[in-house]
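As structure tokens, one chain now follows by itself in the form predicted alone.
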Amino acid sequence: MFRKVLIAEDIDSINLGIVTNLKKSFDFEIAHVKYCDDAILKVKKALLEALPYDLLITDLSFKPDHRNCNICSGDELAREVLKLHPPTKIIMYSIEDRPLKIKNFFNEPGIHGYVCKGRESAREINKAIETVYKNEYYLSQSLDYAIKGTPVMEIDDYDIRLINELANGLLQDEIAKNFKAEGVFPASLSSIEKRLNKLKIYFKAKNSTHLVAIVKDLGLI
């Protein structure tokens, strides 16, 4: 089983609940922080001592307060921790339940488990820890079908840029001109039209405005 676990959660009651639950269920060293920057400091210190954390459990969203932070979200924290120590397993724990956004977290930054906050959170976190320890991926049951049932289509940076341009009110010919000027390819009007049509079909959007709204709701832009 894991030896050292780091918890990053900014709400005291939730933080305490996770720690209490894990102490009852597992026999590993637990540290907890309220800020992502503090988590990074602990990870660096542990590496210097040659006693790295095996597992990071992090919330996705951290509320801003009086303190200025360099890292302000769980996905950013996961990304930095994996740069510092790639073997670290990461479980994200959040109220976020949009399937496509969550699916992306497994690709980038590359988390290993995702638990939705809810009535069964304590049981699910325990199960997620056991699953991830066996080098398997864990996903809350409430999301498992939604994500696995999502049609397969790679949404890349080009697609996000394309939809962002639409969101900014640009017409397709204007987007084509901008892409050509910036060296973004494919930049032809026909290529942009074809890609947008595929995206509309994929997201079941009636038109470009509807596409933008759907993608915003999914948290992709």
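Quick note: we count residues from 1 along the sequence shown, nothing fancier. Note that the rigid core is defined as the largest set of C-alphas that superpose within 1.5 Å between two forms. Fair warning: this is a prediction, and the values are worked out from it, not measured in the lab.
A second form of this protein, the form predicted in complex with the DNA, is not displayed here; the remarks below concern that form.
Taking the partner from elsewhere, residue 193 is found to have a heavy atom lying within 4.5 Å of the DNA in the predicted bound form.
Taking the partner from the other structure, the DNA in the predicted bound form has a heavy atom within 4.5 Å of a heavy atom of residue 173. A residue is said to contact a partner when one of its heavy atoms sits within 4.5 Å of a partner heavy atom; residue 25 fails this definition for the DNA in the predicted bound form, lying far away. The closest non-hydrogen atom of residue 188 lies within 4.5 Å of the DNA in the predicted bound form. From the list 179-187, 64-72, 46-54, 32-40, the contact stretch for the DNA in the predicted bound form under a 4.5 Å heavy atom rule is 179-187. In the predicted bound form, the residues of 199-221 lying within 4.5 Å of the DNA by at least one heavy atom are, in order, 200, 207, 208. Once both forms are fitted on their core, the CA shift for residue 23 between the shown form and the other one remains under 2 Å. Once the cores line up, the CA of residue 70 ends up less than 2 angstroms apart between the shown form and the other one.
A movement of the C-alpha atom of residue 11 falling short of 2 angstroms is seen between the shown form and the other one when the two forms are aligned on their rigid core. Relative to this form, residue 192 and residue 107 separate from one another in the predicted bound form, with their C-alpha atoms ending up at least 3 Å farther apart.
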